[in-house]
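As structure tokens, one chain now follows by itself in the form predicted alone.
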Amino acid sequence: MKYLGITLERPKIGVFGFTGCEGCQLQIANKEETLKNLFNSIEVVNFREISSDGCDDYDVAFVEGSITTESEVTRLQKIRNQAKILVAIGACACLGGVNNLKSRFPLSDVVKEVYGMHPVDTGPVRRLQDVVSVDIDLPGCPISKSEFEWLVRNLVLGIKPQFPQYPVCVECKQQLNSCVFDMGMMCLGPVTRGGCNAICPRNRFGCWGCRGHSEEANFESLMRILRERGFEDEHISERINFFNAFNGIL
């Protein structure tokens, strides 16, 4: 492949899933209109969701899902040892995600509630970075197809990706969106990292914080605004803790 007359290497890519819904992998596989061009720039050698073939000779590993069992720890460490670059994709891999909700309760109670007395191999929810070193976090629930493409282009060209650090509110203003606060909805856009083009507020849903916190996020101001608008602390806590995006901050 050539770019501006320069011959570029096609990196070998592996895509892997752990505990999660595989929605981020589906985002990649569903890139109908640009999938051909994407696969012309990379060589996919391991991606269970699109092919039963696979090998362990890859340069970049895109990994979805949180880690909840010791067998997953072993498998993730093997992937990390092989990959030159490891990218955590999605809120579960980057933050713990929705899976982290079970951490609010005793693990034995959670398993019994869902599986009864049937034995289940499960443990505390961990982010990828809690187990191995992660080179890049690609956040979201699910990830953005266009942002994934952008990241792949940067990797192919050898450019260090620079993710937005401003909050979602900036993108709302850029798109002239009506503020969902004025519609009576709760929104974490003021403290959540942008880059999603404000997809939830744009569609009249308050932000849930799936991309993690923005740089210099003013949490005290957000809490004051939420309380002034009549939201109870229990409701606020439910929203803030949903993706585990603000753990240790709020």
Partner chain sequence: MDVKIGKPINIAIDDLTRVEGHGNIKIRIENGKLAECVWEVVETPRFFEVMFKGLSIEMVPLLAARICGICSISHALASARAIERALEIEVPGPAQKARLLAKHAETLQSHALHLFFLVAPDFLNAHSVIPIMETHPHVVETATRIRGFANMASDLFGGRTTHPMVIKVGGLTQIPRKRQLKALAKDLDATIPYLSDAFDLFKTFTMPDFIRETEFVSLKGKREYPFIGGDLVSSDGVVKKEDDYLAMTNEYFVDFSNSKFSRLSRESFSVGALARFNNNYELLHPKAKEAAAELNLKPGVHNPFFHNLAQLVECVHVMYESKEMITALIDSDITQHETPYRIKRGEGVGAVEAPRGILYHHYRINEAGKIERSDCVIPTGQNHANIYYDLHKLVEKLIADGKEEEISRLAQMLVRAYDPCISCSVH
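Numbering follows the first chain given and starts at 1. As the structure is a computational prediction, the values presented were derived from the model and not from experiment.
Heads up, the form predicted in complex with the partner chain isn't pictured, but that's what we're talking about next.
Against the partner chain in the model of the complex, the set Asp57, Val63 and Ala83 makes no contact: no member has a heavy atom within 4.5 Å. In the model of the complex, the partner chain lies within 4.5 Å of some heavy atom of Arg239. For Gln129, no non-hydrogen atom is located within 4.5 Å of the partner chain in the model of the complex, even though that partner is not displayed. Interface residue remark: Glu234 is counted as part of the site for the partner chain in the model of the complex, having a heavy atom within 4.5 Å. Under a 4.5 angstroms non-hydrogen atom cutoff, the partner chain in the model of the complex has Arg75 among its neighbouring residues. Residues Val98, Asn99, Leu101, Lys102 are the ones in 88-103 with at least one heavy atom within 4.5 Å of the partner chain in the model of the complex, listed in sequence order.
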